[in-house]
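We begin with a single chain expressed as structure tokens, specifically the form predicted on its own.
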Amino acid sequence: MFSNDSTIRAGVLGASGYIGGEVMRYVALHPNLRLEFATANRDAGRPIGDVLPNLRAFFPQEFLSADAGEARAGDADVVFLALPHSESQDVVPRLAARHPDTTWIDLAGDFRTPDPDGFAKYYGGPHRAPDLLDRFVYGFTEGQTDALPGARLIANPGCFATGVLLALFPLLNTGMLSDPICVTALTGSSGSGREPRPTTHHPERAQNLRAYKMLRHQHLLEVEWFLNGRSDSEIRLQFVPQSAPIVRGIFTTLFLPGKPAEAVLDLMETAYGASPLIDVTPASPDLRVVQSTPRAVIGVAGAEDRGAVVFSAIDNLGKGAAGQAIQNMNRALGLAETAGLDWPGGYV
């Protein structure tokens, strides 16, 4: 464990993608973190600021290759893995065994549940490190306050999973959830990664709205696993993600027919009243106030004769990825939870 005036050495594997670049931005902002190395295979040998020009004034180093970064892993107290899905399971087993005192935070989907069959179903191939699955702490920060301190292996939740869990978790075992649980969420194009595809190419997306992976998105695996491990009844979601004509953010809506909005709002305020990065409002959130931040806003609204709706607004790269990874690191290493995170979003 570290103190709030400690210097903590950080490494980032896969630092040139959208999530990796966002992790780098949070490292630059954190008062305790010092970047020891960052890898980007295709950009190895290039200055970090040439690839991520927003960070030119913060990091004079060059990107390393994956092999060179792995060789430097022992120089870091914490390593963030921002690799594509299915790559961390090849890297973590050898590095975590070699450096057991390092904290490893994986931002991919490789270690989010102890269910290798579920991984194969949703991610399209067998898990290659199943023995490690049950050693990872699932890093939904607000629901894992007791599990995170001292954790060495942390699996960061997916961005949709974070938005859905923020809306659902306070309602577990309250009688507010009844089958079917219907949720929809709109997401920005940055969630699909840096490589351009027809569904994320701006001219095709800017004036369009479409649903995708209806009722079968891979984040269902971790959400249902996490909730069912804490619920007195089976949780099954009807989840429809939608591609929105924005770059950043996720706006989630949970439908609670027949449930009183005032009671739901009370539950949210009780659950998140002490959470320094979450605001609760009796209305719809504005997505713009959380974009590019680690913050979240939970909203509750309703009509007396129809029930309630719960909204969550997060930045998919912030609270949905890098911001939550830093929040988990802070808890794991004994730092103030908001270290490097306590800053507002823009208003316009």
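Residue indices: 1-based, along the sequence shown. Source: prediction; values computed, not measured.
Omitted here: the form predicted together with a further copy of the same chain. The next part is about that form.
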Do heavy atoms from each of Pro196, Gln242 and Asp342 fall within 4.5 Å of a further copy of the same chain in the predicted complex?
-> yes
In the predicted complex, which of 159-167, 101-109, 233-241, 78-86 comes within 4.5 Å of a further copy of the same chain (heavy atoms)?
-> 233-241
Can Leu267 be called a contact residue for a further copy of the same chain in the predicted complex at 4.5 Å between heavy atoms?
-> no
Even though a further copy of the same chain is not shown here, does Ala71 get within 4.5 Å of it in the predicted complex, heavy atoms only?
-> no
Does a further copy of the same chain get within 4.5 angstroms of any non-hydrogen atom of Ala321 in the predicted complex?
-> no
Closest heavy atom of Asp279 to a further copy of the same chain in the predicted complex, within 4.5 Å or not?
-> yes
Just one of Gly229, Pro203, Pro126, Gly273 has a heavy atom within 4.5 Å of a further copy of the same chain in the predicted complex. Which one?
-> Pro203
So which bits of 178-196 sit within 4.5 Å of a further copy of the same chain in the predicted complex, heavy atoms only?
-> Pro180, Cys182, Val183, Thr184, Leu186, Ser189, Ser190, Gly193, Arg194, Glu195, Pro196
